[in-house]
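Before any questions on binding or motion, here is one chain by itself as structure tokens, the form predicted alone.
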């Protein structure tokens, strides 16, 4: 983001952080309540418009701080109502945020990193490499931008759910993610219940345990394979935290807390993990954890070696899981005409890993036909 170095961006501070900011100014901590309301409930960035604060303090704030959300670079709306924003976060980086409206809810899919520090082999976001973690302001700023664009208010809540299923691994950017979550849950800001906020992880076991200790939100795990051999291929993080350790962490996350189940995400890839035997192995694995299964037909992208499973394979896989008594849904296709698909969010990343460069060289050397995008983020 383009910030003035000498000024604090108050988007980066949750209510306790704002309280400390005001104390450092010699003001009372209750001023934080006023700022949270003005910034997040009313969408104000100009201190001059914050009329229940004295003119003198407004001037002091203007001299010492600013309220700077991410900059909207582009905004697209799908024929089905799905909306996608490309948001500039400075240093030649931009991230994508997607809103999916449904009759009874509106889900906002947000990013936690510029790029992704992991390298899941079926995800086009991974091909862009990784630049840096987003700040609290850049994370909550995605909610702020969407709320302003959608005319979200306390009386007319357009955003009912927020999912960390955009770019990045949330648990590798822990403190800013948790601080943003606290603002989402703050009754003076967005007032979302913990169960309406979902953190999705590729399986960072220490982060799962840490998240359990400090907040009460829903957890989703990107599984995609029921054996270590298969998951090592699709989700390289599994080599460090294999399935046995991951499932134990999931059980700990649910233990003694008011959470009904873990959501497991499973991308169905033709000939890779969509066989009947794969489904039966998955059933055996998930019996140990209260869960629901989100089956995601693979969304092809240029250069990928993988293909989408057939409808027959998807239906067969789901039937095996359902017949075993587990909950399993197949994700609907949403926002395919604006490339708002799961695993396909592609912003602008100043890659520090050279992963993007290597992928482009491989794509140029072995060009593949461009495949039509489909799908949408997990709900």
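Residue numbers count along the first chain shown, from 1. It should be emphasised that the depicted structure is a prediction, and the values quoted were computed from it without experimental measurement.
The protein also exists as the form predicted together with a small molecule; that form is not presented, and the subsequent description refers to it.
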### Task
Tell me, out of 98, 181, 296, 286, which residue has a non-hydrogen atom within 4.5 angstroms of the small molecule in the model of the complex.
296
### Message
Only one of 128, 133, 201, 107 gets a heavy atom within 4.5 Å of the small molecule in the model of the complex. Which one?
### Response
201
### Query
Of the listed stretches (90-98, 262-270, 211-219, 241-249), which one has a non-hydrogen atom within 4.5 Å of the small molecule in the model of the complex?
262-270
### Message
I'd like to know whether residue 137 contacts the small molecule in the model of the complex, with contact meaning heavy atoms within 4.5 angstroms.
### Response
no
### Message
I'd like to check something about residue 278: if you look in the model of the complex, is any of its heavy atoms closer than or equal to 4.5 Å to a heavy atom of the small molecule?
### Response
no
#### Entry: Residue contact check: residue 85 to the small molecule in the model of the complex, 4.5 Å heavy atom
no
### Query
Going by a heavy atom distance of 4.5 Å, is residue 177 a contact of the small molecule in the model of the complex?
no
